[in-house]
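First comes one chain, alone, set out as structure tokens in the form predicted on its own.
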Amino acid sequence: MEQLLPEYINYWFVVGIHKFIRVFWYFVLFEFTRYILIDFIIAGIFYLKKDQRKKRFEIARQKLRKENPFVSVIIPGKNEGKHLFKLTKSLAEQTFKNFELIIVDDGSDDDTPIIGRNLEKLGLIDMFLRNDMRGGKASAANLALRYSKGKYIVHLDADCSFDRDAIENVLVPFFMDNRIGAVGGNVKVRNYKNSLCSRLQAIEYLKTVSVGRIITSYLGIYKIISGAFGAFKKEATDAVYGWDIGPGLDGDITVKIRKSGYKVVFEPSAVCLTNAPESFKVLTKQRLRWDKSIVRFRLRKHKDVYFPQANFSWSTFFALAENVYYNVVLDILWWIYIIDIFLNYSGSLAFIIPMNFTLYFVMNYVQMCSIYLFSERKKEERYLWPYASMMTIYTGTYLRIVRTVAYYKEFFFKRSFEDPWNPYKSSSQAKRAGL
């Protein structure tokens, strides 16, 4: 048997399990434990209880249909005119009909004002609002919130499309538990066939959103309602005074709602399709912005959740702690691991590097199996399976380097306040206010 195996695998049979664990301690302690052991246990429990949950979900759906609450769908954005007609068409096909559609143009310099006002005139949207001077996405969302009349607020990105039952499904959890203040939708990549970059992101979204958020929601530590598709009780958004300036405003409002005493959950059957960056240059800029927000909000703005105080909550503590641990702490430990290997085992790199890739290769395909269990698009997403072999480079090296750069810039220079994603005047005010 050993003669049939590659030499680098035979090597580990010879040196034994103790040296294997010593060399691959990072994979064994953190990656395997978190992304295989814990995920498969929780995913298994969730899967076994699917019939029970389905029954509760359908009872709640009937309550939703009986009450038929008025809902405000808000879409803030800049230069999104080219997406608006397709969006209104997608929303017109929704199974849930009792909603108003409010679009806010945040100082666009394209044809968005003309398109938006025309859609309003034709009755395809209920209200078109405009910030003549750009204030940032939070400003636009809060303007929509001010005019909204619905009991629930559904926040969407303009470049998304939705399954026909998406809005109905994202509202159902509110009727399963009155303590729920916000529900996250299941965001998937629509343009996954357009480039290698978008294909790898599609797999990443399936792992971290479609399955990852099922896990964290089940554990009660779900921590981010995606701005692309999320629903909120109006009373919850009013209680936290809406959105604060980003980047990272999606995670920020989620934490604020949790801190106000509401539960936050993920609904996998509420599916939204979005376009991901198709080049690594654009993706790098996006992820630098996202990763800087982890330091800015999880470690700086909301540091109070880590200390005992009047409104202390263990679930909120663990939600943020898990996020910081698996993103910031393990990122630092990964670099320590790399230094450890080069200092202590540089002579064995010919056996370590291929084995490392083998371990992650196997783990990636094991994760794809768990994704397959929960997917409602099994046939379509089978297209992505060959590309799972490249996720070791994508998530294990590329994204880690991007994260490290982002953390360094934010820890020492607070660069998120200089990000052009927000207008300078808004960012400077947020910096002075400690937001």
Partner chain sequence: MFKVLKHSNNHLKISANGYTLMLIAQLSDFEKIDSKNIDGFVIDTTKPKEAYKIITHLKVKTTLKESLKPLFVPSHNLLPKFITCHTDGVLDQSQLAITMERVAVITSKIKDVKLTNTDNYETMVTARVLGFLYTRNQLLTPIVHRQSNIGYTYPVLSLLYKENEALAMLQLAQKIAANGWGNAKLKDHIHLCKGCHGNYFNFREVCGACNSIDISPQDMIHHFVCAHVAPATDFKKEEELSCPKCDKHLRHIGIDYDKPSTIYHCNSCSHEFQQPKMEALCMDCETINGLDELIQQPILELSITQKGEQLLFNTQSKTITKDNNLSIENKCTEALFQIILKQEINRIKTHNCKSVYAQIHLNNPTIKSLNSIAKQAFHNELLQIINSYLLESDIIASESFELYHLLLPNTSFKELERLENIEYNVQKLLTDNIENQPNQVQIKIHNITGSDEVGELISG
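Numbering follows the first chain given and starts at 1. It should be emphasised that the depicted structure is a prediction, and the values quoted were computed from it without experimental measurement.
Below, we refer to the form predicted in complex with its partner chain, which is not included among the displayed structures.
J.: Pick from Phe312, Tyr365, Tyr241, Tyr345: which has a non-hydrogen atom within 4.5 Å of its partner chain in the model of the complex?
T.: Checked against the cut-off, the match is Tyr241.
J.: Of Ile214, Ile203, Ile245, Ile294, which residue is found within 4.5 angstroms of its partner chain in the model of the complex when only non-hydrogen atoms are counted?
T.: The option sitting close enough to the partner is Ile245.
J.: Of the listed stretches (422-430, 7-15, 21-29, 407-415), which one has a non-hydrogen atom within 4.5 Å of its partner chain in the model of the complex?
T.: That would be stretch 422-430.
J.: In the model of the complex, does every one of Arg117, Phe128 and Met133 come within 4.5 Å of its partner chain, counting any heavy atom?
T.: Answer is yes for this spot.
J.: Does Leu320 reach its partner chain in the model of the complex if we count a contact as any heavy atom within 4.5 Å?
T.: No, no contact at 4.5 Å.
J.: Looking at the partner-bound form in the model of the complex, is Phe357 within 4.5 Å of its partner chain by any heavy atom?
T.: Phe357 lies outside the contact set for its partner chain.
J.: Quick one: does Ser139 come within 4.5 Å of its partner chain in the model of the complex, counting heavy atoms only?
T.: Yes, Ser139 lies within 4.5 Å of its partner chain in the model of the complex.
J.: Contact between Val265 and its partner chain in the model of the complex at 4.5 Å, heavy atoms?
T.: No.
J.: Can you list, in sequence order, the residues from 144-160 that come within 4.5 Å of its partner chain in the model of the complex, counting heavy atoms only?
T.: Arg146, Tyr147 sit within 4.5 Å of the partner.
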